[in-house]
Each structure stands twice: as structure tokens, then as C-alpha cells.
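Next up is one chain by itself, shown in C-alpha cells, the form predicted alone.
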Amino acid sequence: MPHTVRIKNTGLRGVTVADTKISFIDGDRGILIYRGFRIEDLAAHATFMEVAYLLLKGALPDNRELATFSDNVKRARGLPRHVEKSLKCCPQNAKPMDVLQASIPMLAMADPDFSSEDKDAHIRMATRLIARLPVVIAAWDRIRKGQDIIHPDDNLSHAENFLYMLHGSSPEQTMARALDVCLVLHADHTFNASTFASRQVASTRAHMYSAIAAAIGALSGSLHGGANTEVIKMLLELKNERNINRWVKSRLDKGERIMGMGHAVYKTTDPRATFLKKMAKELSELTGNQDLYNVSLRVEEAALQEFEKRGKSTIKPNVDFYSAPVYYMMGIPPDLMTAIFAMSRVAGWCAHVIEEKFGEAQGKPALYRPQADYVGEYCGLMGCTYKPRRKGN
């Protein structure tokens, strides 16, 4: 019995699966909105703590609310002892995203709210996750280098504290503000692969930590959060390349990707990339790393020219293209960059889990259960039956 394939494997592109009040993208015009606010305004004027509060609670905090939320995050920073011990037992060559994902169920075990179905309990869980992911990431980087863990300093902001725990000294303010802006820019991006994974798991009524573990697994892939690691590898390899135009053309002729170029949604410049490009220039001057920034510019220019020739002018730099050099200039190891992405995106993931569980957008969400077209054999329908093999045959 022949089977007619009715749809293409689209990866659910263009398929609406749920309502949301959390974020919105207009890919044609390059617009990203969190809870009604343009990303440009938030990146220029808000802190990550304000944006995390906005995503979780639906409105920007006043001074009192911000102070309370920030204090709650600071109080939740400390890692349970069993988590620190477990991190020290991980193989030294373990990948940061695997270590981070493995830490999530361990953190769940120490969370008094993790089995609760109360919305306020979920906000408390989200607060702990936002507080603790940076601590796990910094602790693991130091452990694998044979260094002592540096515990949080409550006198430092969220971004400052991460860089302090990572490097062992308080960061320069320009560097700390740059990281804070990066966290704002990466905090949410509608139903991307990792957010969809978190919502799908949440739709089963699994607890928040299960949903976040799934999201981290999705983010680790090279076509999602792992792209920034691939970008920095590419840029470092090209620092001594004399003819970048030829390199770009050769790569595209072979059907290979220019990492950090193009996006599943944006058909124009990713609004986050615009901010990150300016930031990369500023940090290159601060750190004396102009060579890396100049390579980025040359690759961007060559790629845009080549895409134009090939009738693909909608392919532009995405958030990964300039976040990679920005993180590198902060002294963040390439294989840790995707974990920094998770450190920010956890605020959005948690907001989506809460929306999925409590039906904030419009009605109680349903269990996610997409349908597939079966294109395999139909022996059973054609009279074929399974015949067991005799023993000894």
C-alpha cells in the first residue's frame, strides 16, 4: 500500500502551538519584545534583575520590588553541599553543559518547593534557579582547572558576582555592565528550541526542574545555544587568514555554514546583534583585542557580500556572531559560552514554565502531543504477519 507524504519535515516552523504573553518577535522588521517592552529600551536602560522580574511577574518592578527580588536572588546563591561535592566528582574533561544539566536534578532535591503546584512556589523556584546557575557554572570552571571554588559576594550585582566567582577578582565596571546587557539580550526569545522543550515537559505536569533540565539539553546543540562556541572557534582560526573573502566563498561553495549567520525567524538584522556589535567594539578597545573584533567585521562583510550574490540577502548576523567575541573578551572560555547563555535564558524558561502550568495567556494549556505522518511499511495492513523464528535457526 503506497503512502502519500502530505507535509514536509518543517521542524514546526510556522506552526502555532500555544498563546504567550512573555515575548514577541517580528522577524521581518527585526523586532523583539519582552512583555510589551522593546529589547532596545530594556538593553539600554534596564538591568538583568529588572528583566528577570518582568519576565516572571509580567511588569517591571518598582524600587522596593526590585530590592526585594534582588535580595531574594542573593540569599539563594549558595549551593547545597551535595551539589558542590558532586561537581568535584565530575570528570575533568566533562562538558560544561553536561555538568550544568546534571546539576539541575541535584538542585531540585534541595528545593523545598519543587513538588508544589502553587504559582508562588514556582516563582520561588525560578528565583533559586536564576541565583544558582551562575554559581554552578563558575564553580565547575574553577574545579576543572584545579582551583578553589570562590563563593558568592553579596556586595556584588548578579553580573559582577559571576565574573568575580569565575576570575577571582572584582570586574571592571564596563565589563560587568556589558555582561549584564548580554544577560538582558539573551533572557527570552519566544518558542525557540530550548523554550519549546521546557514547555513541552511542563505540559506533562512534570516539575520545573525537569523542564529546565530539558531546556539545557536542547540549548547545548550546535544549531541552538552551542553556536556561539562554534563562532569563536571560527574567528580564532581566521585571525591569520589573509583572504577571508576567498575563505567565505569556498565554505559556501561546499554547502557549509558560516556560523553566526542567519536565523530561523529573522529575515533582517537580529536586533540583539546590533547591540552586541557595539559592545564588541567597546570591549576590544578596553582589552586591546582589536584583532578579534576586526576579524569579525571582515567575516561579516565578506559573508554579506557573498549572500547578496547568491540571492540570500536576508541572511544577516545573529545573536551568536557578536556574543562570541564579547564573551571571549570577558575571559570566558569558549566551551563555557553556551552555559552563559543558559545563565540568562533560565529567566525566560522559568517564565514559560509558569505560563504553561498556570494558563496565564489564554486558558489552561493542553498536553503537547504533535502528530506525525507515518511513511514506513504497511505489512500488517497488507496481510503480512510476523512469523517467529524457531530456536536454533
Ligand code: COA
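What you see is a predicted model, and the numbers here were worked out from it, not measured in a lab. In case it trips you up, residue 1 is the first one in the sequence shown, and so on.
The form predicted in complex with this ligand exists for this protein as well; it is not shown, and the discussion that follows is about that form.
- Looking at residue 307, you'd find a heavy atom of it within 4.5 angstroms of this ligand in the model of the complex.
- When contacts are judged by a 4.5 Å heavy atom cut-off, residue 320 counts as touching this ligand in the model of the complex.
- Using a 4.5 angstroms threshold between heavy atoms, residue 223 counts as touching this ligand in the model of the complex.
- This ligand in the model of the complex is not approached by residue 281, whose heavy atoms all lie more than 4.5 angstroms from it.
- Of the stretches 310-318, 195-203, 161-169, 90-98, only 310-318 has residues with a heavy atom within 4.5 Å of this ligand in the model of the complex.
- 257 is the sole member of 257, 246, 151, 85 with a non-hydrogen atom within 4.5 Å of this ligand in the model of the complex.
- Put simply, of 267, 75, 119, 233 only one has a heavy atom within 4.5 Å of this ligand in the model of the complex, and it is 267.
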